[in-house]
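Two forms, one chain: they're shown below as structure tokens, one block per form, named structure 1 and structure 2.
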Structure 1
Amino acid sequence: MQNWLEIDSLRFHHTYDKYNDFHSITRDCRARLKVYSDLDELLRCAFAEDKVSLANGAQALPHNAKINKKDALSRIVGDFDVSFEIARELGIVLAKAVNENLGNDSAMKEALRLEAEKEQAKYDGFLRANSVELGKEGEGLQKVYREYRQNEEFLEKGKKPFIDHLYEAYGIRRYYAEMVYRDFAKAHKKCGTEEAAAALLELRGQRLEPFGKKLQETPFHGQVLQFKKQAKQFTDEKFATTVLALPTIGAIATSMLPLIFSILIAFTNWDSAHTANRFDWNFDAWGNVFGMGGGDFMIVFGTLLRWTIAWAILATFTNYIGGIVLALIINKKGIHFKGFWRTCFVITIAIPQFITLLVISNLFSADGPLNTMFANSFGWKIPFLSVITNGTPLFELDSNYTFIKFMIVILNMWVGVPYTMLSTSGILMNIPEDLYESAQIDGANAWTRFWKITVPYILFVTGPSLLTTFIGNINNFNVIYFLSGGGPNASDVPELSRFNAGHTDILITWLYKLTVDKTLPERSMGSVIGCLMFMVCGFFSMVMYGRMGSVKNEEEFQ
């Protein structure tokens, strides 16, 4: 009993005092009373005769001249060391007292004395209105536990009558009365006899003595904040919470809820047709994915997983290396019109990515403009992104469709290299020239300077970005889907064809097909794939990020 009351006392202070005006009002009242305690010095502030004004060489004002409240404000702040808001209030009072009693110092002082009395009365009234005799309340808490039999009849009437009785008979507020009610109800329920319940509660009451002393140390509390004022705070001092709540809600709605829903589906046999009795909890989907069901699903999963990893590595490092090489060329001394060349490559960023990819897909398709031109001019077509079924192909594709995959990687560089080029250009321009000059004096050639100075700087800054790009390419839906749609069609591979997977599909595009294709009752297995991708990406990110030099040696890198 002692523990929850002591902890609750601290929580009470935090919850109530933090969000109401009690402390701020008492602090400001004490500050004003401190100024009113020296009326002579306050009057000297009115006529620039205070010690701060004299120290600054300010010219004193005659006592029959009107004063400006703004000038008085600045002198009060400097002389009494109070906040601007309090000084402004006192400046108004001081200007009124002086300007209404020009040339009569005693009348001015009397007017200020009356204001001081009003302030003292305001402060005393506020304390009376908010004071709580917590020491007596602590004694009442102990007493109510000792008098279990007298209070049992109210306990049997219900919670509200019991709480009302505690407030009227013992002065215990509702906040603590609810906790007492829970203790009484538990004792009444668990103890077999009235004597056992009374003994248990009396023992708990004896442990409240330290708590009563603790309450006497803090005799005042602020009042509970009203709901209207709580709501208003979210447009004022707690506006940051309001702003941050919007993206948090958005992240939960768009990321967390679909993830949770996907995890739940992974442990059922739920399908697109909502077949009866297909909502049972089981591990069938996981068994099919890992080959325990004896199906072809694991073969398809393994095939696409290998291509997904290969694609992520190739797409990441071709863009990364290509961007670095391009930035080095543009930033090389002797290259003119650097801004123009950067702008040419940034144009690919200005155009939405999916538009670029769709245009390229149509341009390089089997019946696209490029292949049509080849067919009209030379009588053959090149299988850039799909199998040539209408016309004579220049060459036959291998069984793994390596050429089409190679073309996807190359075309991906068109939309990815500019990002690396821009970030790397900023790094290159900020590498200190004296490092290169010192290395050159020591005899290092251009290749050595590149590997020992340029590469460490670039890797240090772009390491986290490189990791993010790799994880993003594992889930790079746009490039694969808009360029090839996951094709060519895998009719030549029965396992892939059965589960509607193409030769260039990666796991994320295949997952999409499993989800939207209503002819395949494999949504649960698609959710399993999503869960596996999430776990792999999350684990890889945490492990690799902690090993990066930009994290481990942030302060040591020079």
Structure 2
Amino acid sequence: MQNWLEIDSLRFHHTYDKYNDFHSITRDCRARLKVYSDLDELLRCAFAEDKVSLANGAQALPHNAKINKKDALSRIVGDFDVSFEIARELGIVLAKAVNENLGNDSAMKEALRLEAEKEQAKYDGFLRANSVELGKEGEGLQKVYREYRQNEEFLEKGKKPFIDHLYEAYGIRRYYAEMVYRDFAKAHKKCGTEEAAAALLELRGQRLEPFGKKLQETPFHGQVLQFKKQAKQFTDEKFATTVLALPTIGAIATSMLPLIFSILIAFTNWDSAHTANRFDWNFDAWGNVFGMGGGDFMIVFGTLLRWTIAWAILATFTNYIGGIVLALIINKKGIHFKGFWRTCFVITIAIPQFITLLVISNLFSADGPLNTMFANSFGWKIPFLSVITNGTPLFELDSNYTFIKFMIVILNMWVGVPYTMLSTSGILMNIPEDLYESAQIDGANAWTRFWKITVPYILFVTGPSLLTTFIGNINNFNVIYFLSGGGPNASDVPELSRFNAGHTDILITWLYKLTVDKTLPERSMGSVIGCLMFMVCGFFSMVMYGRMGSVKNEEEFQ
């Protein structure tokens, strides 16, 4: 028994040799791919672009210089810990890439990357072919040995039928099948007992198990980077991913998804007549919005849209210009107590908007202290924010309530100007002093310096925020809602009052009235209005975004 087992092990070494070959090829491929996985490092090796020479200010050798082959290869061997044979092969590839793409860094990298891809493909193919074949064979062999009993009857029929059977039933090549036949025959002849079969099975099983298992473990996925190196990337090359992960998740969950859902609501008939669980998908809301009540809706929408846009433009520019002017005069050279002046205005930002707005609204109301004072001294009142019902108005309001709208814009400056002043002050102080100095040396006077340095700088930095302020003003709920509440009541215009809109309502406050303030909200119609508002905002910002210098020349100015 000892004897045949020895022979048996010899034969199995044969199989193992094949396995080892396979592994040595795998190892080589991996080494090569590892080198390719870090192209920068590879190029650095080739061009001696290491940290020392970088720090010395020498950008090392120019790219079109010939590679010092010996140096480069020894660097590759040293830095990547690969065998010299592999380094030599890589050196050839590298030299080819360099020669073909002289001095062009990205092209060179691209060439190397392509090479790496080829290598990877080659390796994958090799792996696939071999692992399938070897794996199948290993499995087959194991199976044959396990099923010793079933194969006995074929064994008695002779060598050829047995080998044929193994080939057909287990997919084992004749070369191995012959070996198996001999093993089986020996076991059958010499021992012929259950124990022998069991011993045989156990031995084969033990030897073959790693054979199949290791093959399954071998497949190679992408770049070989250690975990540590991968983790380290997130503090350097992939730092953007690290810092943006959480904010992105937050924004998607709380802004993007709700946004998508609320756009979808526009395509349902979820309104005051349908509950949340009983609505259908259709275009009714869009149809209603455009055709309802003989086009009344469009009149309301158009009226409010005109006022909304006028309001947004006026509010944005009054605040912007007012704030910049205020910042400039406070920061003017020769003005004392800058801190004091600034603090006086900053306090107004510190107090929550809703308080100041509600209070201002009451200060200017028909029965507020201002109008009471006017009434007591002169006998008339001014319709600042509402129609005077209790007293004599100084003048009658026109049918568009222009004066009230004008007052809202003016009062909005109270809220917005300090804010712009504050942010502009910081920017003004950030303008590099040497810009002014060099301009002064070149003979520019104060006026030129202001127009050529200060203004472009402020515009550059605040440009994008100007756009968001404009959009913010289109959606500026607070000011309108707390100052006038959308009033005066539009009972004189049946279209407006039918859809709950007041004379100074902008689209967003109207939307609020339709969807939140009503006991039975018009949700789908609200969504349609939201979509329309989005289109309006999108139109304006596309026009402005395209023209904005700071977006185009973002890199230049820095």
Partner chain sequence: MANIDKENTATLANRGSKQKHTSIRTARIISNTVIYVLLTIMVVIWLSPIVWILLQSFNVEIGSAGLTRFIPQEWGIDNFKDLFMNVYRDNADGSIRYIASNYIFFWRMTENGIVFGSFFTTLFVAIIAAIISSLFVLMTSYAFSRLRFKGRQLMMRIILLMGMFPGFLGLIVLYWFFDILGLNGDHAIWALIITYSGGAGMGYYIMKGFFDTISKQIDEAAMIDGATRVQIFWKITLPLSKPIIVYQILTSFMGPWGEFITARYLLGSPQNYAGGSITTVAVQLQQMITSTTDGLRGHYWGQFFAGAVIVAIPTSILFIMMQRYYVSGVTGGAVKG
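Every residue number counts along structure 1's sequence, beginning with 1. All values derive from a computational prediction rather than experimental measurement. For the two forms, the rigid core is made up of the largest set of C-alpha atoms that agree within 1.5 Å on superposition.
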Which number goes with the form predicted on its own?
-> 1
After the core is overlaid between structure 1 and structure 2, has the C-alpha of residue 475 moved by 2 angstroms or more?
-> no
2 Å or more on the CA of residue 362 between structure 1 and structure 2, with the rigid core superposed, yes or no?
-> no
With both forms fitted on the core, give yes or no for whether the Cα of residue 112 moves by 2 angstroms or more between structure 1 and structure 2.
-> yes
Provide the displacement, in Å, of the CA of residue 254 between structure 1 and structure 2, taking the core as the superposition reference.
-> 4.5
Angstrom displacement of the CA atom of residue 450 between structure 1 and structure 2, core fixed | 2.3
